[in-house]
Each structure stands twice: as structure tokens, then as C-alpha cells.
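Have a look below at one chain only, the form predicted alone, in C-alpha cells format.
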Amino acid sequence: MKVSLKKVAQFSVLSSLLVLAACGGGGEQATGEKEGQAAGGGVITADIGVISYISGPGAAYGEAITSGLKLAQKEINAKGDVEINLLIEDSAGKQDQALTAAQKLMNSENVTAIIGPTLSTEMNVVGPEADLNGVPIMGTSTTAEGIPQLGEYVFRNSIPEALAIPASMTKAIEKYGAKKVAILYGNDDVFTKSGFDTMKKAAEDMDLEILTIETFQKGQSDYNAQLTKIKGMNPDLILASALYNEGAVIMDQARKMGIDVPFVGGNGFNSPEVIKIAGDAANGLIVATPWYGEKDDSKVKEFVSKFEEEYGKKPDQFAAQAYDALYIYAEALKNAGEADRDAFRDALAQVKDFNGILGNFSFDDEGDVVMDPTVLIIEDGQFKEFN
């Protein structure tokens, strides 16, 4: 453990950020009054910072994440063992804004740990800063390769692309006897680039013929050139690493061009927004996820029911991962016995066989995920288990 070094680094960085904190805008404080790190009667009280993609083109991710966190917070606090106060900051999906939000949260001695940010690109700048300051941080949607390796205070409970993508590709190959693939990915984002790297390596390991590799950028609206080339090569599958906005448009344009082969998507496709935007064109999309809302499991059914009652819609993967994340934090707080950052970090690292709505979950030695994904396909406008 790097306690003494962390404390020195924390003091130095916090001193330099006093002006930033004084001038920063107020974040959203979710239900519950702000208190000290411990309350009477054995209740452990902790402020947990949240950095989420609340505004901008990917706001559906942030909305789902904060909704899942607030529902878990409500339930956890009602049980009485732990009192969690959420301090929510908007990153708008931008690295600089995420870093500013993180520095503001870390500047508060009462903040025990942070959840978020949403994107791997954001975590790549926030994670090292949190590690430098000895602030535990956990991504609930950061699936790019190398995230937990950013530091010993950096964790995630989201299944990495390196685990999810090969699982979905294997199922698709078995089902359709695929031998030839085309790859399409966003080359200006760490998350989608990491997904591509995993897809390419998996395709090579599975002896698939890669017919072409096509790229695009965030916010792009016309994919005619890339899809025309792909159509002419007649692949058995299209591997696509994209966020839901671009991914949905790609599928819509592909279907309109007469491309009817299945798509295997990265984690960014795991959102009902894909169906909302692409409509019937989303049918045939295959993804691997830790979350399946139709699973015959009492915990899953109870969560879905409570979420629908609270928010008027079904939870997606991002809501579910955030929900479990706060319960994992609550368990770590109880095991630590206090809201001290270093004690919490060590207790968090020891979480094993946590039985959440996502299934049986553990951290490995690097703070990464140990669990099995579920492969889904969109059929008739709904995610279903892919068998």
C-alpha cells in the first residue's frame, strides 16, 4: 500500500487546487445530507463522488448510470449499515471536463471514493490523477484495455471488451459458420479504438479472413463510402466498434443499402438507444454483456420492477452496472469499517464472489473483472439471449 506517498502527493495536489475548487460550479448532491466520515450507532457515512456523461450526445449513458446509482443509494441507506451521499458532476463526455470534475471531488477530504467517469477516454486522464492522490475510483462503463492498470487505486466492474467481444464473436461464428468479416470502427476515440484492437486480434486468433478495415469519426452522419465497399466484399459478419449514436446510424444505412448480414458490436452498442434510433435496422446486432434484464433471476426481476417504478422505463446495462457498483462500494465500506480512502481501497480490492444483479462478481489482482458475459442478439426490436 502506498499510504505515506499518497498522503504527501494528496496534500501537494490538493493545495494547488484550492483556487480551482473555490471557483468550480456546484455539483448535484443526491438525496441525503452531507455528514462526516462516520456517524453514531456504528453507521459508516461516506461521500462518494460521481463523474458522469450527463449532457451532450452520449447523455443516455449518464442518465442510466446516475439513475442506477440513485436507486442503489436509496436502498443502501434504508438498510442502515452504511450512509452514502452522492456528489454528482457532469463530464459531458470530455476529458478536460472530467478531469476538472475529478479534481474538484478529490479536493474534498470528505470524498472517500469516486465512481466514473463514463468513457474510457475520460478515465485515461482521470484514473492516473486519482491514483496519484490515493483516491479509489471505479468505472462502471469503462471497457477499454488497460483501465485497471492505470493504478492500484483504479478499478472497474464493467466487463472489458477483451472479454466481451471474443465471446460474442465465438457465438456468431458458431451460429452462422462465418469465415469472412469486415471491420468498421471509430478511430478518434480510445474506447472504440480499443474495441477494434480486440476485434482484429480475435478475428486473427479465430482464423477469420478480414476483408477490409474501415474507419469513421464521432458525429459522422454519412457512411456510404465505407458500407459500399463492405457490401461489395460480401462478408459473413460485420464487426463494428462504435458508440450507440454512430452505431445505430451505421446499421440503419447498411440495411437500407441491402446489407443484411449480422453485426457484432462492441460495448457501446449495449443500449436500448440503438433500437430507438435504428428501429428494425437494429435487428441482427449481437453483443456480449453482463446484463440481461429478462433473466429468470429473483434479484434481476426485483431490480427491473423497482427501476421501472422509479423511472418509468426498463434499466439498461449501464444502469445495472452502476447499481451493482454502489452495492460493491457499500460492501467495501462495511468491510473497511471506516470511510478512510486507503482502508476503503484495500477492502475494495478484496471483494470476491459478490452476488449482484449482474451475477457472481470478483476483482482480480489488478482490479479488473472476473465474471462470465451473456451474449445477446436484437430480434423483433428487443434484446434476447443468443443461442
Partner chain sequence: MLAELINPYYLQVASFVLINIILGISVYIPLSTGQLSLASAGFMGMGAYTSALLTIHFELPIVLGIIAGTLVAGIMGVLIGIPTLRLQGVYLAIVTLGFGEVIRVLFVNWESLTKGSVGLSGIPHMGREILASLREFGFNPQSLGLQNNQFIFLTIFFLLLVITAFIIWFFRRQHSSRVGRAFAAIKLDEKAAESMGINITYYKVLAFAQGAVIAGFAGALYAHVLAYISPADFAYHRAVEILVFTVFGGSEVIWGPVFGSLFLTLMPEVLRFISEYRYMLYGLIIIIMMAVRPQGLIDVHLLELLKSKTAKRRQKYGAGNQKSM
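Residue numbers count along the first chain shown, from 1. Here the structure is a predicted model, which means the values were calculated and not measured.
Note that the form predicted in complex with its partner chain isn't included here; everything after this is about it.
Taken together, T198, S241 and E294 are entirely out of contact with its partner chain in the predicted bound form: none brings a heavy atom within 4.5 Å.
S108 belongs to the set of residues with a heavy atom inside 4.5 Å of its partner chain in the predicted bound form. Taking non-hydrogen atoms only, F307 never approaches its partner chain to within 4.5 angstroms in the predicted bound form. In the predicted bound form, its partner chain stays beyond 4.5 Å of every heavy atom belonging to N283. Though the partner is left out of this view, N77 does not reach within 4.5 Å of its partner chain in the predicted bound form, counting heavy atoms only. Only one of 325 to 333, 49 to 57, 358 to 366, 344 to 352 lies within 4.5 Å of its partner chain in the predicted bound form by heavy atoms, and it is 49 to 57. The contact residue chosen from V125, M257, V261, L211 relative to its partner chain in the predicted bound form is V125, the criterion being a non-hydrogen atom within 4.5 angstroms. Screening D316, E273, D90, E83 for any heavy atom within 4.5 Å of its partner chain in the predicted bound form leaves a single hit, D90. Counting a residue when any of its non-hydrogen atoms is within 4.5 Å of its partner chain in the predicted bound form, the hits in 90 to 108 run D90, S91, A92, K94, Q95, D96, Q97, L99, T100, A101, Q103, K104, N107, S108. A change of 3 Å or more separates the two forms for S52 and E109: their C-alpha atoms lie closer together in the predicted bound form. Compared with the form shown, the N110-T100 C-alpha separation decreases in the predicted bound form, the change being 3 Å or greater.
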